[in-house]
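Each of two forms of one protein chain follows alone as structure tokens, named structure 1 and structure 2.
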Structure 1
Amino acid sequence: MLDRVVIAFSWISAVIIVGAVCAIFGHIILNGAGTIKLSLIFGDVAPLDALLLKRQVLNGLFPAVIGTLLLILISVMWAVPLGLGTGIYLAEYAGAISKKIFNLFFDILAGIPSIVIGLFGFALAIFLHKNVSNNIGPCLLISSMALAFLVLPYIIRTTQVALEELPREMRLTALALGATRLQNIRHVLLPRALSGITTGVILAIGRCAEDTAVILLTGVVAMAGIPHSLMGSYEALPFYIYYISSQYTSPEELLTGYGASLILLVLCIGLFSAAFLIQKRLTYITLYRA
């Protein structure tokens, strides 16, 4: 009887979750699909001129799309090497006491609200402005560093768990054949843990793409255009969605927020797909061409 109750509860929970996701996606698609036009992205600028950066887009989402892409890519470039290295250290090198201390620290870090990290990034920008250079302030670089700090726990934890869950026999085979510890990690353990590591990277991409509190305090502004350097301000889709949803003046303007949400979803799906393709390619190279 208890087994049937557990199975029924599991099915009901799964249906509720899938239904909620479908409802959210359906609501966004229903309201945003009609606004997806070239004019929404490029405004009154010819798409080719915008893509070649010949003319600046002032009334379209193109600068926000580029700013979001740059923000995600730079943040992931900061976070992945640090998170991967830390996860490998915790799984393969850290002692019992060190592992407990670091695990506690990263669990606390994962629970810190994003607004607090955004405030830290803002304080860092003010400190650098006063003590290093007047040209430094809230900018793309500060935002990417703050977001990288925000998503580090996801990459660290998934890397650590992916390595620790590998079978003991797999860990010992290469060592028994004379491989060094580093060679064993590089050629045996990491290729077989790539699936779990990719999960952490995907979570990091999604968090970087959706977070508004951090970028709101560290450099995102309206009408900034495409950033010309890491030290410049930028636009981003999450900020545009937040801005439109809180200050829209007409139903038509609100619908553009749904259109921006749909573009952000498509952007995330594309990045997720790219991460999966890279993971499969790396797995093939390391396993079959080594």
Structure 2
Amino acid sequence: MLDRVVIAFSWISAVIIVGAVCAIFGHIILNGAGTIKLSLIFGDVAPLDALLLKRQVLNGLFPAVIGTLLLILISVMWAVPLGLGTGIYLAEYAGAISKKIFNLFFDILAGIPSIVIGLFGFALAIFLHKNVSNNIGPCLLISSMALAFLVLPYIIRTTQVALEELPREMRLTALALGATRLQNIRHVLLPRALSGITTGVILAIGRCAEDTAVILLTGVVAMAGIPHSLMGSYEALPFYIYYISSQYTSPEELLTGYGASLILLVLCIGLFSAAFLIQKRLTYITLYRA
């Protein structure tokens, strides 16, 4: 009897979740697939002209796509060196106590809601504006820094775990042969841990692409074109989706929201699947360390 109840319960749960996934995907794909054309991205501008920045795209997603790509690129540029260094320090150099303290810090950092990080970015921008330079305000630079803080824990975590999980013998062989600690890390351990580290970076990219709350407070706007500098405002795909969802003025405009959703969905799912392909226990690693 109990057996049957448990089995039925499991199947029902599975069916519900599969149904929910199908509903979400189905809704976006059914409405969005028809909009996927070059004109969705480039409007009435020739794609080559847009890509070469000869003409500004005013009726397409191009600025939002470029904004999102720039955000990813700059955020990752901040986060990867810092995260890698921190991960290496924690795995290879830190003593037991400092490791414990640092782990606690990064657990908290990983848990801080993205809107709070966004609020921090906003407060920082205002602070810098008042005390450092009038030219600083919410902008691409501030957003990318705030996003870097958001994804930093992923990179630290995956780097640290990838290094710690390497077998002891591997760790000792090079040292026994006279290599220094740094040489050992650089030539033996890091190459072996590369796949683990890569998952962290991919995951970070995915989070940068999808996060809306951070950029909402730190410089994303409804219309900006391609940002000319780090101090400029920018557009981004997730914000575009949010903006359209509440402010569309015509059914056609709403459809572009579906198109943008589909693009973002494919991008993020591609990234997350790739990360999972490399590291199967990803959720466990990124979320939980005893």
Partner chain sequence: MKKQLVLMMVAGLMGCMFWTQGMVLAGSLDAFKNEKGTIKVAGGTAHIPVMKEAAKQIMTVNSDIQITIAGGGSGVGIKQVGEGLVDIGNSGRKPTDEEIAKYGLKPVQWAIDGVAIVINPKNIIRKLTGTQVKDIFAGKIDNWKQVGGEDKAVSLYTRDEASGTREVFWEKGLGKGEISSKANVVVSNGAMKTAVAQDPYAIGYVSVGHLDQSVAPVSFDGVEPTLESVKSGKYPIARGLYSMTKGEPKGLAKKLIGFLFSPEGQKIISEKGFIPVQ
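By rigid core we mean the largest C-alpha set that fits within 1.5 Å across both forms. For numbering, take structure 1's sequence and count from 1. Everything quoted here is computed from the prediction, not taken from an experiment.
The same chain appears twice here, once per structure, so which copy is the form predicted together with its partner chain?
Structure 2, which is the form predicted together with its partner chain, differs in this respect from structure 1.
Taking the rigid core as the frame, does Ala224 move its C-alpha by 2 Å or more between structure 1 and structure 2?
False for Ala224: its C-alpha shift is below 2 Å.
Answer yes if the Cα of Gly26 shifts by 2 angstroms or more between structure 1 and structure 2 on a rigid-core superposition, and no otherwise.
Result for Gly26: yes, a 2 Å-plus shift.
Return yes or no for Leu265: a CA shift of at least 2 Å between structure 1 and structure 2, with the rigid core superposed?
Shift at Leu265: 2 Å or more after core fit.
How many Å does the Cα of Ser250 travel between structure 1 and structure 2 when the structures are matched on their rigid core?
Rounded to one decimal, the shift is 3.8 Å.
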